[in-house]
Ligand code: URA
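What follows is a single chain, given as structure tokens, in the form predicted on its own.
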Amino acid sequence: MTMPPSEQDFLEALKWQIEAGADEAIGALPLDRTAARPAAAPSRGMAEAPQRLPAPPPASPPQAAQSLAPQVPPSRARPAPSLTSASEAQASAQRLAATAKTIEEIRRALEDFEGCPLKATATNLCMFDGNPEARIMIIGEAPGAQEDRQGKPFVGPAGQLLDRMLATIGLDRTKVYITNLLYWRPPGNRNPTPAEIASCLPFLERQIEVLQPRLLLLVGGMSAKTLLHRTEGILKLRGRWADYHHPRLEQPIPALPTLHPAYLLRQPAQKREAWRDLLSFAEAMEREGLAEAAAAAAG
């Protein structure tokens, strides 16, 4: 005899869904899928006499037949898919970003931008945190659930780990500028599409151009591969310095890819590699004279 599911069974099922990324409700009311379904209508017996079908109506003239066809309102007709929508969104992003002269103007441009579909499902714009005058820029991947609620990058468990990592080399959020490759949370923390990345990239490039940082710390494979135009995974890119180039920059900016704190929470054994990356970044800060500036700001 099959026992009915217990309360613990439901809690375990809910926990599994949360771990799988289903952390948002899609309906206003709960739906009990364990309830018994209504009995299906009895099937018609084979011995039952078949019903006689009505005679077809007489043929109508073409015009009359056309008048009987259901008319679909123009507003409900499905528009033809646009083959240039992604490129148009990227062009719109480039135009808006190019007109922004300050970080606040870039924020307002993002608020006006309608070319990224993630904006329709996100709660808040999540652009940056930290010090806009800092010469060290940290670039992550995309907002998570807590970032989406607060409108700031790296404020969840991964952000708390990032804070501890930065503290080991004398940094905190008053000495760095933190942003992401994307500014709205992908539903369920799924990977963004290339079109979504392309629509947000001009705003990130404009931030780098306006801030003119001396060093970049690229947190996660998505930001490293996008900004450095590489195809390797983060485990091969991490710890290897590269130059970030852009036509509007006077000179390239040294950039160091490293592991994302969210990955380190899942794979604690990799913290050793992240520590090596932080030591390398601290050495670069010494070379650029940024360690002294950070210490002076702290004092």
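Residue indices: 1-based, along the sequence shown. All figures in this text were calculated on a predicted structure; none of them were measured in a lab.
Although it is not shown, the form predicted in complex with this ligand is what the next lines describe.
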{"item": "Partner-proximal stretch of 140 to 148, 104 to 112, 89 to 97, 225 to 233 relative to this ligand in the predicted complex, 4.5 angstroms, heavy atom", "value": "140 to 148"}
{"item": "Contact label in the predicted complex: residue 260 to this ligand, heavy atom within 4.5 Å", "value": "yes"}
{"item": "Touches this ligand in the predicted complex: residue 207 (any heavy atom, 4.5 Å)", "value": "no"}
{"item": "Partner contacts for 160 to 190, taking this ligand in the predicted complex and a 4.5 Å heavy atom cut-off", "value": "180"}
